[in-house]
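Heads up, the chain below is alone and in the form predicted alone; it's given as structure tokens.
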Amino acid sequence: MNFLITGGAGFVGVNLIEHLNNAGENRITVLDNETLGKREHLEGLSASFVHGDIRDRDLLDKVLPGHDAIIHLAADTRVMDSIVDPSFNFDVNVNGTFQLMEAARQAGIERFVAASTGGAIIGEAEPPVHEDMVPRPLSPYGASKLTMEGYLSAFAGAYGMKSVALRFSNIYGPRSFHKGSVVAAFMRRALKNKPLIVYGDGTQTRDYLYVGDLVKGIVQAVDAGVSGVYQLGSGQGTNLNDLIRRIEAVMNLTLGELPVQYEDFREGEILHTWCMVDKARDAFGFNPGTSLDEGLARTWAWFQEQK
């Protein structure tokens, strides 16, 4: 199959490309503006690289023809940044996605899988969250992803495009070069002997999904040709203080040995969220099999190699 992966030089993208390379004969084109991901991250992987932006319609019309499926990972993903600059977040996540979808429609590409989010769309709700909950975004980032999901639904209904929104939980794992998410941030600070920064009291809960399980789920969704919204997570909630204890364990440290600096809670962040994955399991066989402890051990080993 011929894939075009937007944002493919980032954390999820490079893991996805490695998975596709190992799976067999797939032709992969990466479109990335290198704001965060860099083309050198693709070293050793089989993929062609195009430097460009998803908002550049002329470029999209040149690059997209001939592909069978689009996996759309490019986005402005920082919740706090979206609060500071909602216009930029809207332009990238809503306008950029619309331009990409319209170019895909014109090119006759029928399969379109986009990275969405769970907690930021649902807002504060009693977990576990699921796809039938009423969305109540608390940040412009969450609102932008909800708007994207609306267009995916519209293109499926109006044009027959097999368009899928996959709501990622908190993804962690190897190759998280620049990730600002908590596991990568904690491990980078630990390597530099700096205190871990926790916003709040550490009791807030998240759903941590190993990137290897995520990329399998993405490919399963493409192969199944489904449409709609599906959550991809571990199905379990872990609070930050417990996560820190687990990281200490994989680092062979004693309990409380990692210094932690607690700061005030930040506006716009969800306190407690984890998700159900029954819908994705039933629709395309999604079944995350990597335990949190196993995934953290693999991630820590990778970070140690990089230093």
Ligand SMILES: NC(=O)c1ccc[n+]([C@@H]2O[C@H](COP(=O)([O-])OP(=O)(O)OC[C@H]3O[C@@H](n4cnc5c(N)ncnc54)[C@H](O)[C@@H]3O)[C@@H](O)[C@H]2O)c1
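Sequential numbering from 1, following the sequence displayed. Keep in mind that this is a model prediction, so the values were computed, not measured.
Absent from the display: the form predicted together with this ligand. The rest refers to it.
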item: is_contact(Leu36, this ligand) in the predicted bound form, heavy atom dist at most 4.5 Å; value: yes
item: Contact label in the predicted bound form: Ser82 to this ligand, heavy atom within 4.5 Å; value: no
item: Touches this ligand in the predicted bound form: Phe286 (any heavy atom, 4.5 Å); value: no
item: Contact flag, Phe112 vs this ligand in the predicted bound form, heavy atom cut 4.5 Å; value: no
item: This ligand in the predicted bound form reached by all of Pro128, Glu149 and Tyr230, non-hydrogen atom within 4.5 Å; value: no
item: Interface segment, criterion being heavy atoms within 4.5 Å of this ligand in the predicted bound form, picked from 255-263, 268-276, 236-244, 52-60; value: 52-60
item: This ligand: the contacting residue among Ala221, Leu73, Ala165, Ile122 in the predicted bound form [heavy atom, 4.5 Å]; value: Leu73
item: Stretch 104-120 - residues with a heavy atom within 4.5 Å of this ligand in the predicted bound form; value: Ala115, Ser116, Thr117
